[in-house]
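A lone chain, given as structure tokens: the form predicted alone.
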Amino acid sequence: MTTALITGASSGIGAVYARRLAVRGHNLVLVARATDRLNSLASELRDAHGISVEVITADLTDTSQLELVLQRLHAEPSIDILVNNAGAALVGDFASADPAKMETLLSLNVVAPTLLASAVLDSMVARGNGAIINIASVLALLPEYSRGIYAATKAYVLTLSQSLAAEVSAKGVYVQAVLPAATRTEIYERAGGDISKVPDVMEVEALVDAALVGFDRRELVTIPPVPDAAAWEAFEHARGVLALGFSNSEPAARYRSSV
């Protein structure tokens, strides 16, 4: 039996991933701050599916608590699937944001998933198999739709996933970036927002089930609400066309005159 470690597993997307992976027969390591919720979910899944479930209470913005999770990623039994799901939002403009709150958000949304992926990668490459699922956001592609730094943190997660896949996919490690749009989780309430004012909200179970279809298909980028795969393919093609100009040793003709 393989083992999956899920961050942010006490509610929302992480909890649904735990339930779905338990159904598939994976042993689990559940990580979050809410000990009571984690223990309740762990008991439920052990009883329902006869799997092993470990619980690690950790605030991933705290260096010493993050270290506990990093140590588990280096330990046995080895982690076969890492679900980098823990994340938060920050409501408000960049200009008025509290620097301390921005630093905390960067710690959770950027630093933690980077270090967790780094901790698990060596053993995956050595075995020639493993998977890393990074939960990003469609705002990674639409930064102008989101004030502050949240979209930038999710753009980092997407870019990390793409560059990591280019590095390790040939070595047997699968990397998937999942880009949810508005999804009914506690992230809005925790950030001080109101989800009732958000249109077209996807239910979290539907989001995770779609993401797992993409996982089974070995997609690099999975965007559950987008109906036509050709839209993403066209975006990727346009990116490739743009990249053709990057190797020019002289500025393009359009930059040779200020007129």
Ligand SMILES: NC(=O)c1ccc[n+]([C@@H]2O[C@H](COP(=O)([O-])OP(=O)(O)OC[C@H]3O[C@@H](n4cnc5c(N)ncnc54)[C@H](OP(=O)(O)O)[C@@H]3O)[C@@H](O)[C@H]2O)c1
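Keep in mind that this is a model prediction, so the values were computed, not measured. Just count from 1 along the sequence shown to find any residue number.
The next section is about a form of this same protein that is not shown, the form predicted in complex with the ligand.
- Contact check for A177: every heavy atom lies farther than 4.5 Å from the ligand in the model of the complex.
- For the chain shown alone, R218 is not a contact residue for the ligand in the model of the complex, no non-hydrogen atom being within 4.5 angstroms.
- Remark: V83 does not count among the residues lining the ligand in the model of the complex, judged by a heavy atom distance of 4.5 Å or less.
- Proximity of N27 to the ligand in the model of the complex falls outside the 4.5 Å heavy atom cutoff.
- Contact with the ligand in the model of the complex, defined as any heavy atom within 4.5 Å, is confined among 117-125, 148-156, 73-81, 169-177 to 148-156.
- The candidate site formed by T3, R20 and G214 is entirely out of contact with the ligand in the model of the complex, as no residue has a non-hydrogen atom within 4.5 angstroms of it.
- Counting a residue when any of its non-hydrogen atoms is within 4.5 Å of the ligand in the model of the complex, the hits in 57-83 run A58, D59, L60, T61.
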